[in-house]
Each structure stands twice: as C-alpha cells, then as structure tokens.
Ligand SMILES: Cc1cc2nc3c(=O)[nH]c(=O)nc-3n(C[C@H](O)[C@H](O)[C@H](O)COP(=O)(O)OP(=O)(O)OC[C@H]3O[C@@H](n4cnc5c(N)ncnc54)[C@H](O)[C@@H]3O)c2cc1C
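Quick setup: one chain, the form predicted alone, written in structure tokens, and binding and motion questions come after.
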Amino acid sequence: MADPYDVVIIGGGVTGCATAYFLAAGNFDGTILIVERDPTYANAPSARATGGFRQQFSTPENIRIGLFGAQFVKNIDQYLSVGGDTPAVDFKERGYLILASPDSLALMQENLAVQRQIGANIVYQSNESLTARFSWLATDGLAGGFLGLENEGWLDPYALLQAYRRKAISLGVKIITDEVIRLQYRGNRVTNVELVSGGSLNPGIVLNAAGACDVSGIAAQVGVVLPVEPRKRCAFVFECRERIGVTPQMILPNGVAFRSEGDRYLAVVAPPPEHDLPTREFDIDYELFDELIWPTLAERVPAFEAIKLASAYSCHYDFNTLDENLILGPVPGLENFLVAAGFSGHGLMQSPAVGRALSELIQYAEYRTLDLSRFSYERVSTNTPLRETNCY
C-alpha cells in the first residue's frame, strides 16, 4: 500500500527545502514529504555553489527575485530561526561589479535602467571612478562597470540549505533518504511514486526539483521533455603574495569571475561552448584555470600575475539549453505535477522567491506575491526562449 502525502517533493536541495518551508510556514495544513537521495549533499550545487545574490539581470522578474532574495537573507532571523537560534549564513554584502566592454556597454546600460526602475541600487562607474575605488584594477580596454551598492553579495550556501531544511523539519515536514525510480500516471494525474527502497507514495501533488542530474529523467517518465542538462562548473581557490584587500564579486567581460575570500580568492568561469558538454563527471578542469582564468586575472589585476592555486572543486548546474532561465510550474496534460528546473547556476539566489512562488501554486493554484508565469513550461513547448542577457 502506497503511503499518502498531500505534497511529494523530489529533491531536497535549496529549491525543494525552500518550497517545503514556505508551505509549512503558511496556511497549508497538508502533509509534506521530501525525498532526497544524499543527505550529505557532498556534490550538490546547493552546497557547493558560490553563494552569490544579485539583482543585475535583464529580465524584470529575475531582478525582483533577486531583491526578495536579498531581503530574505538579510532578515533570515524572521524566517528560518528555530527555537530562537538564528542561522549563521554569513551574508557578505559586498556587491557585484560587472565590467563592460565597449561592445556590451549599450546593452548593459539598458539593463541598468530596468534594474533601477524596479528598485535595485546599481550604479554605472566610469573607468576613472573604477580606478578611484579599486586602485589594483587595470581598466585598459574597458568601458566602465556596473556596481551594486546594496543587496548584492554572497553567503555560505551549505548553511542556507541546512537552515531551510532544519526549519522545514521543525514545522512538520518529513524528509526521507531515498531515491525516486519510477513515476506512474493515469490520465492527467501522477498516481504513484516508486522508491528505490521498495516503498511507494500516493501523492496529491508532485514537485520535481530533483536537480541537474535527475530532473530531466524524472520528467521524462511522465512524458515531459525538459531542455535541461547537467553542466560541470569548477571553482578555483588561489593565493596571492600581494594583498589587494576586500573585493566585490567581480565579473570580467569574458565571463571570468573572482572575489576575495578571507586571505584567499575564489575564481570561476563557464567553459568555452565547445567544451561545455553535458556530463556527470566531477574531475577538475585545471586547463581552464591555467589557460583562461589566470591569464584573464593577470591582465585585469597585475598583482595576480603571481598567484598559487590552493584548491579546486566542482558541481553540476542544471543548465537550460533553451534560454538559461528557470522553468517553473505545471506542465500541460498533468494537473498534479510541477517542475522547478533549469536555474543554470542561479538556483541558490533564487530559492527564497521560487520557494515562495511554488508554495503559492501548490496551495492556491496561482501566484499571489510575485508573478513568475513568464517562466512557465509553455515557452518550452512553443520553443519561445525568454533570453537573460545578464547571465553569468
């Protein structure tokens, strides 16, 4: 006999746990179960992400998602405290500085106008202003940059994940260590969720938030095609003899990003498209550091000509090949099956707003605080991309 649950969430990463939290903390009085195959989260992007929060996007909804995310983490005691214990997510509000090339400046200025209209405190910085603020930065060939003055920064991703999880459990959410191996459906409803342990679940609603390596396979079992692939991302931690001080999250025109982390630095970049293929491997691409990241850093920060790689790690992004934007909500033909996929590296920063939005869809069958309907599956079925031009 299958165990009945009002909501079954496949995947206990930040999206799954945030959704469970918002449901349990609201007016929803049904039973909620999260199925997570690896409670250590050893290789999960929810735990190994770089932890950034920003509003420097081009899509208005992404900007609003970013604003709520910042408000959430800056007031996390009001949301995720348990028994008077406030989670220590260590939000460092140091801003993002996205540098512009002459070719990208006009588009980035258009995006800035949208960001500021919505309420994001982003400003343009000329090369002269950049030099005055960051004396260690070489501005040759740049057309200035765009700096977040508040609500942008980064935090400890694992701490945020555990805070969601702990709060959800305290509110009655059940989390089990297991893996979904099969979904059965009849007509327009998912009727049974089979587990690798041999158990099965009778769901009222199923949320597929299974993450990069599993979300598309789970969807395919009910005839849903998701344009989502696992793409490997490597992060590199390095040391520099010369201290340049505290930095924002820097994003250079070719996509290389870095920031200060105590007395070290963290750097990342997406591989060139011809090498950015779907994979489940975790091996570190050291050539990416040697041939792309290091030369770029040395060009923009002369002090980084002499650096030493200290460590590296990798995880997988659930990369949306259609448009690099999230896919959210119900799918055609199934009345009790929702997806949350294709975050393309933005899942952690978007988890507060997305968790709240999914909880509203589950409870009320509509968005009530922030309308995210532009991210619906419809654009997949009609092959209508929603392009994010500030996608890093």
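Note that this is a predicted model, so its numbers are computed, not measured. Residues carry their position along the shown sequence, with the first being 1.
There is also a form predicted together with this ligand; it is not shown, and the following applies to it.
Note on the interface: of 83 to 91, 144 to 152, 301 to 309, 178 to 186, the segment with non-hydrogen atoms within 4.5 angstroms of this ligand in the predicted bound form is 178 to 186. Under a 4.5 angstroms non-hydrogen atom cutoff, this ligand in the predicted bound form lacks L326 among its neighbouring residues. Residue contact check for G66: none of its heavy atoms lie within 4.5 Å of this ligand in the predicted bound form.
Within 4.5 Å of any heavy atom of this ligand in the predicted bound form lies no heavy atom of R356. Using a 4.5 angstroms limit between non-hydrogen atoms, Y41 touches this ligand in the predicted bound form.
Here the marked residues T50, I218 and R233 all reach this ligand in the predicted bound form, each with a heavy atom within 4.5 angstroms. Contact annotation for 137 to 151: no residue has a non-hydrogen atom within 4.5 angstroms of this ligand in the predicted bound form.
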